[in-house]
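Take a look at this one chain, the form predicted on its own, written out in structure tokens.
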Amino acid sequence: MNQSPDIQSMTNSAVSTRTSRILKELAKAPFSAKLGLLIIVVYVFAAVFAPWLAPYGESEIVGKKYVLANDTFLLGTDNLGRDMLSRIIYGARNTVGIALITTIYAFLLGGITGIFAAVIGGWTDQLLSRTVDILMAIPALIFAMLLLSIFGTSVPSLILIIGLLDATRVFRLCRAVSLNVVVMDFVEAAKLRGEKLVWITIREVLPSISAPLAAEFGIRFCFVFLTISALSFLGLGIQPPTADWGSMVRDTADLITFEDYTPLIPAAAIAILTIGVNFVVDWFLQKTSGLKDEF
């Protein structure tokens, strides 16, 4: 059914007001936050439009191996003669995309179970919490390497295993902040009204903890991103010929002994995105906590 002109006008006005408010907040953001947002936008643009931005194919061998940077290959070639610039651009799609999917999966799994554990309490809370404690007692990178060695290094396995291990961290945070909310009067009133568990979780608890969860999402993305890159460097992450920044560092690491700094290019791509995301997370934490920082 079509909306009436008045309702349509009110909807457009609300959207315009919200957009204006967001733009004003961005204008007042510190330089570090603006720089972080710019970095994220550039990476997202490269990931989305990689096939059109890259001068060559992702796995196309276009020259001799270890060619130095020149007019034809702006960043040189790798150990197989593939264009480094093209693989850096495609790496944004693969590394960042897989890290984002993994982080979303970890938040859905850890967030839902963490909030439910706090709301339900009792033996459910104790069972979930002790299971998470056991998983967190094992070093995450070593545990991930063990599981990937058993179940294989396909992309689905990578997402499921790293997401499961990172969900334990999300669970601890969600449970901790939810425990402070479930004892408040409005949650108790909802329970006395006979509201369902899902309703209490979505309508009462989740809005009250959205700020720390949003900040944690950015931090957790950085950890997942670095974990995937580390596993790829060790040969257990994203597998060739798929372009990935961690494996690109490994493939060109021998050049360091010849004072060739080509391996630092994908390493810098990893570091710059991590810094950019942290800048934005720091700004968001300052906004939600009321602190002020002009840098």
Partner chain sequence: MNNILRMLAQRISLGVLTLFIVSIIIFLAVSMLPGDAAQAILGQAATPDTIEILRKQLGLDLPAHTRYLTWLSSIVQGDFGTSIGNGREISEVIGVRFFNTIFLAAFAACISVPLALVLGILAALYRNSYYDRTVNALTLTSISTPEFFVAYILILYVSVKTGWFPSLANVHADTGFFERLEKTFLPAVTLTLVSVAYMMRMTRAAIINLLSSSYIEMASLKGMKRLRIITHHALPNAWAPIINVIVLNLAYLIVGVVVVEVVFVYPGLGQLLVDAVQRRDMPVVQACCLIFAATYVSLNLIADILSILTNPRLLHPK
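Bear in mind that the values here come from a model prediction, so they are computed numbers and not experimental data. Numbering follows the first chain given and starts at 1.
Omitted here: the form predicted together with the partner chain. The next part is about that form.
Within 4.5 Å of some heavy atom of the partner chain in the predicted bound form lies at least one heavy atom of residue 145. Although the partner is absent from this view, residue 256 contacts the partner chain in the predicted bound form, with a non-hydrogen atom inside 4.5 angstroms. Proximity of residue 234 to the partner chain in the predicted bound form: non-hydrogen atoms within 4.5 Å are present.
By the criterion of a heavy atom within 4.5 Å, residue 127 is excluded from the residues contacting the partner chain in the predicted bound form. With the partner chain left out of view, the stretch that reaches within 4.5 Å of it through heavy atoms in the predicted bound form is, among 36-44, 49-57, 62-70, 242-250, 242-250. Judged against the partner chain in the predicted bound form with a 4.5 angstroms heavy atom cut-off, the residues 270, 275 and 279 are in contact without exception. Contacts to the partner chain in the predicted bound form (heavy atom within 4.5 Å) from stretch 109-144: 134, 136, 137, 138, 139, 141, 142, 143.
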